Structure formats: C-alpha cells, structure tokens
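In structure tokens, one chain follows: the form predicted alone.
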C-alpha cells in the first residue's frame, strides 16, 4: 500500500515552521475579520468607526470609500452619483491599482471566508471532480449584470449579490441571505472546486479588470529552486496564473502578471524552497 500523500505545505512547515508556513493566510484572516469588525462595531456596540457597508462607507467621519463596481452599475442604469461617492470611488480605484484588484477577493470579501471553508472541507472529505465551467463565465456574468442595470434602470445585481447580501445581513439581519450563502457554500463543496469565486463571481471579474496593471505582484526570485512539489498549485484558487511565471512559458519573467491572481500569498506560505515572494511588477528579471 502506497503512503498517503502529504498535505500541501507539509514540507514548508518542516522547513520553516508552522507560523511562517501560514503567515499570509493568518494575515488575510485578520484583515477579513478586522474589516468586518469595523463595520459591525457601530450597530453591535455603538462604536461608529465606520458607517455603511462595502458598497459605500464613511470612516471616522471624513474618509468616504465607495465600490467602483456599484458606481459602474449605477451609471449604466442612468443614475448620477453624488460628489462624495465619486471621491470614495477614486480612492478605492487608486488603492486597487496599486495592490491588485483581486486583492479585494482574498483580503476583504467576506464570501471568501465561506468559499475557503468549503474548499478546506472538500479537501478533507477527499471530494474530486465536479462540474466544469470556463473561468471566462464570470466575465459573461459581469456583462449580464450591466445589461440588467441598463434594462431595469436599477442596480438589479445588488439585490442578489452574495457579497452585498452577506455584508448587509451581518449588519442588519441575514434573512434570505442565509439561503444564498448556503447555496454558494454547497456549490463549492459538492459541485465545483472554487466554483463561485473562481468561475462565476462577477465582482471578482470586475476587480480583476481594475487591477490588471497593478504594481504589487507575486514574484519568483528563486524560480530555479522549484522542486515541482505542486503545493503552490494545490492551494492556489487561480491555478492557471502560476505556470507561465514558474515555467517561463514563452519567455515569461519570474513574476505573476495575470489579472486573476488574488495576491493571497498562499503560494508563498506553502513553498519550502521560498520560490515566491511579494514584490513589484517591475524590477530585476533574474531567475
């Protein structure tokens, strides 16, 4: 009988310790729960550091932040945003142009906690296979949300957007949001690995376009040290972004430039050879 395969990151834990092999994962969770706590502190405890939700918020009574995807839907629907909303959108756009649009998915979005839990449980249960959808499906859904806004004159998608429903539900009461979030969880658990975030979510599709030229990227300063253990592929929610940079496909530099990289840092965590590291999209191209 052949020995059971090692879980991804086992070699990294042995080489650099448990904390170092989970550093970016723990920081992500601190970010996600910390952001939620900032929003919940007002309605739950009367401590109004942040007012609003992920669509629009006002921090410390002077900093407006607004979702550019929501603004785009509003414009398509024929609605004119207020000046403060435009300022909030500008701040958010600038931020994600620097750190990468899909950093929103891995560092901010509360639904990521749900889908990551489903993926973790799926791996522990040994579930394989499932439905097949092209990752381009999310861009078709993104287009459909804008068409719906144009046809209805409303931001129709936000009525069923799991991200908005979960965030509003945690603040004001879940209601029907429970059914939507449970459906996302079960879909990722039983139907398709990384099904929602990786293949369907139009929010992630929008933010990938927003951060296509972002400055912060995962670099591969020790690409030649790779021992093909495949742990980075096992933990990456967007596995297709790794190979070009790791294997120098068509002369690709040692930096992940794909728009759908979420900058989650898991490839950095689980690599025992320290092949990966955060850095700039520019700079040295050494192998």
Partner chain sequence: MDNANTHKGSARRQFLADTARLACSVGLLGLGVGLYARHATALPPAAIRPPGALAESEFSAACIRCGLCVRDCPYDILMLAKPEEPMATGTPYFVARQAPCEMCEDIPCVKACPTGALDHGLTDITKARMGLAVLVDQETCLNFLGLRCDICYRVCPVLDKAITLEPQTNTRTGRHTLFIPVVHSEHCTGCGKCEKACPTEIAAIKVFPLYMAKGRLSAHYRLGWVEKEKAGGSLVAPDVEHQYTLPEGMRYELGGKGLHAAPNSEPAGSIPAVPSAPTFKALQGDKL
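Residue numbers count along the first chain shown, from 1. Here the structure is a predicted model, which is why all the values come from computation and not from measurement.
As for the form predicted together with the partner chain, it is not shown, yet the points below apply to it.
**Student:** Spell it out for me: taking the partner chain in the predicted bound form, does every residue among 124, 213 and 272 have a heavy atom no farther than 4.5 Å from it?
**Tutor:** Heavy-atom distance to the partner chain in the predicted bound form: none of the three under 4.5 Å.
**Student:** Taking the partner chain as it sits in the predicted bound form, is residue 51 near enough to touch it, meaning that at least one heavy atom pair lies within 4.5 angstroms?
**Tutor:** Flag for residue 51 set to yes.
**Student:** Does residue 232 reach the partner chain in the predicted bound form if we count a contact as any heavy atom within 4.5 Å?
**Tutor:** Heavy-atom contact with the partner chain at 4.5 Å: absent for residue 232.
**Student:** Is the gap between residue 97 and the partner chain in the predicted bound form 4.5 Å or less for some heavy atom pair?
**Tutor:** Residue 97 lies outside the contact set for the partner chain.
**Student:** Do residue 81 and the partner chain share at least one heavy atom pair within 4.5 Å in the predicted bound form?
**Tutor:** Contact check for residue 81: yes, within 4.5 Å of the partner chain in the predicted bound form.
**Student:** Residues in which of 176 to 184, 213 to 221, 89 to 97, 106 to 114 have heavy atoms within 4.5 Å of the partner chain in the predicted bound form?
**Tutor:** The contacting stretch is 176 to 184.
**Student:** Between 60 to 79 and the partner chain in the predicted bound form, list the residues on our side with a heavy atom within 4.5 Å.
**Tutor:** In sequence order, 70, 71, 74, 77, 79 come within 4.5 Å of the partner.
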